[in-house]
Structures are given as C-alpha cells and as structure tokens.
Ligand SMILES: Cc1cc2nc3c(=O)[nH]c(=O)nc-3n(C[C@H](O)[C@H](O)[C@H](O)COP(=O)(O)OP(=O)(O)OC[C@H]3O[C@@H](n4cnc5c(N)ncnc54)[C@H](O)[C@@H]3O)c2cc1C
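Below sits a lone chain in structure tokens, taken as the form predicted on its own.
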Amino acid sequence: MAADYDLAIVGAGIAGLAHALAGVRRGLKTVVIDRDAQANGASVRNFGFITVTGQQAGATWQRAKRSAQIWDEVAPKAGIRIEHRGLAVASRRAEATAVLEAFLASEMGEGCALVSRAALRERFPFLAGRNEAALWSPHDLRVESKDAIPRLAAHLERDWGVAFRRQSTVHEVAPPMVATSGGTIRAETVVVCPGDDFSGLFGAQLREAYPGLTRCKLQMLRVKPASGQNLPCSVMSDLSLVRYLGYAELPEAAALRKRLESEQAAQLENGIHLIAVASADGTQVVGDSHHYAATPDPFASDAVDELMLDEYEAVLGSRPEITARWLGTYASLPDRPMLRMAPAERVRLVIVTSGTGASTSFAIGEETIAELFG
C-alpha cells in the first residue's frame, strides 16, 4: 500500500515548518505533526531577529544568509510583517571598535559600514553621546515571532496544501509507519524536529551521540521605551561581540573580553548581552541571558533583569519600563550550532543547538530535504 505522505515532519516550531516548506517546494506531499495546539516553545519566545551579521563564519553564516532570503520571499505571501531591517552594533570601548573594524575587514563585513562618533547623531541619534562608534549592517531583519510562526503555518496549510495534525503525540517512527496518539500516519520519510525535548523519539541514541546536549534558559523583557525613542533597526552592544562567534572568534575580541571581565563580570557570568528590537505597537523586546541545565528551573531572576537593563541604559541612555516578562529555553551544544543525525532508515533528527533557529532553519531544512531526496 502506498504511503499517504511523502514526508512527515514531527514538530511545528520554526525548524519543522522550515523542513515542511523545503519539502513542498520540491513537490512532496507533506504532513506536520505536533503535540501542542500551536507553537509554544523557543520559536515564539524569541526576538524574531533574523540575524546574519555576527553569526559564526562558515556554514552558520551561509545558512543565515540563505534563511534571510527565504524570510524575504515568504513573509509577504504569508502576511508576515517585517518590523524593521538592519542592525546597529554600538561600541562604547576602543577594544569593541577594534573588533568591529576587524569584522569589517573580513568576508562577513561586506555591505556593512562603521559609523564614527561624529556621525552617530545624524545616523543613529539614539546612540549618540554614549557610544564611540557603531557597526551598521543591512543584512538583518525582524519579525514578531508570536505572529510570524502561526502565519507561516497557515500559509503552508492554505497555499501549499501541507496537512497539520495538532495535539497529537508521536510514539514511534518506523517509516512508512508513524504511530501517534491520534492514530497511525503513513509516510515514506520522516524528519523529527524535537526542539529541546531529548527524552522522546530516539532519545537514547541522541544522548549517546551527543553527551554534551543540554538546555539553555533565557530571560526576555518587553519594555516601554523613553518617550520619543524610536529604534529603526535592531541594536546590539559590546557584550554581543564576545558572545556571537562571528565577532568573538576574531583575535581582536580577546582584549575586549579581558576588559569586560574586569568591568562587567556579572553580565558575563549570567550570559547577558544586549539585543533590543522594536514592535509595531511602540514597545521593544529586550534581552537576554543564558543559563544552562539539563532541566532549567522555571523561575526568573529580578537581578538578571536589572543587569540586562543596566546594559540597555548604558547603550541607549534611558531605563525603560518593563511591561512583560517571560522565559525561553532551547537546545544547546557547546561545540556545534546544529545537529542532524540518521537514527533509522529514511529518518532524520534535526535540532538547532545554538539559539539560531529563526536565523538558520530555512537553510537547514533545504539541506535536510536535499540529503533525503537528492
């Protein structure tokens, strides 16, 4: 008996939806299966910041460039609003400016520019007076994740004919059989995108192959900025330059890290760096922090929030009012940004392990489908 579907995707976060898009673009009859009624994990708890600039040189950077192209193609068709484009990385220290200059001289600096202190007031008035320079990149974009992910799923269902089986837990994958709590689905090929659930499908194989696999918890804020402050692009800062590997792996980053260890040790200890992005309603999303554990506790720390706001105020000159708080978790591996394994014939298990799901999943999906279908 022929299978009902060419391709089944387990997981309806951004990684699963990206694989579904790659499949239907190749003409594959596709079904997406998810245990929840709607996306509820890392895919909707982030900045919606599609980050190209600063991604690790090589495969991650290339994937981010390709994924940004696909976001641009898909967003208008799915009714997803691009909130703003571009990135300004502010530098308050000479050591940070040296990192930005080195980045500009690399392949990844193409199309970017360094805005000097003298030009900040005209180009980026919200950074003037507090920073000595800023890197401008046109390559990055921002969507509102809590809206973009359901709109992307609706686009796949409405315009591409992808079937969705929600509130359905997958118990076993053995193509052409996929056993779920809602009955058996027949599919020739299966891609499992479990996010940070490592104990379910193929959990033993996953933990044996990647013993360092863990979870990262991050704290996020929605804030009301000072009156008149408008962010026309995403904003990052000195702390980002020792966290994002596209900068942090440059030799010049060592001096900056040494200075930050002296001046902002608490932020480094809590994995804090600044990302600030604007929403259509005038609020901003600000973060974030990074704490690692096999099972992170569900509690946010006021002290961590204040450390994030300290960096915001140092860069942007005012302390915003917090209007909402939430936690996110994602899968993390210290030595690789993503993993793709073949736990069974015609099966792939794919996890983004670096918090770059929104930025790289579309390209990862294309790679996986090409590997499976030629």
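Owing to the predicted nature of the structure, the values given are computational and were not obtained by experimental measurement. Numbering starts at 1 and runs along the sequence shown.
Unshown form predicted in complex with the named molecule; subsequent notes refer to it.
Peer 1: My question is simply whether M338 lines the interface with the named molecule in the predicted bound form - judged by any non-hydrogen atom within 4.5 Å.
Peer 2: No, no contact at 4.5 Å.
Peer 1: Against the named molecule in the predicted bound form, would E306 count as a contact residue? Criterion: heavy atoms within 4.5 Å.
Peer 2: Output for E306 is no: heavy atoms all beyond 4.5 Å of the named molecule.
Peer 1: Is G328 near the named molecule? Define near as a heavy atom within 4.5 Å, in the predicted bound form.
Peer 2: G328: contacts the named molecule in the predicted bound form.
Peer 1: Using 4.5 Å between non-hydrogen atoms, is T53 touching the named molecule in the predicted bound form?
Peer 2: Result no; T53 lies far from the named molecule in the predicted bound form.
Peer 1: Given the named molecule in the predicted bound form, answer whether the residues I14, D34 and S168 all have a heavy atom inside 4.5 Å of it.
Peer 2: Every residue of the candidate spot has a heavy atom within 4.5 Å of the named molecule in the predicted bound form.
Peer 1: 340-348, 22-30, 38-46, 312-320: which one contacts the named molecule in the predicted bound form at 4.5 Å, heavy atom to heavy atom?
Peer 2: Contact-bearing stretch, as computed: 38-46.
Peer 1: Which pick from A253, A90, L201, A153 sits with a heavy atom within 4.5 Å of the named molecule in the predicted bound form?
Peer 2: Of A253, A90, L201, A153, the residue with a heavy atom within 4.5 Å of the named molecule in the predicted bound form is L201.
Peer 1: Would you kindly say which of E132, D197, D147, E95 lies with a heavy atom within 4.5 Å of the named molecule in the predicted bound form?
Peer 2: In short, D197.
Peer 1: Heavy atom within 4.5 Å of the named molecule in the predicted bound form: which residues of 336-361 qualify?
Peer 2: Result: V352, S354, G355, T356, G357, A358, S359.
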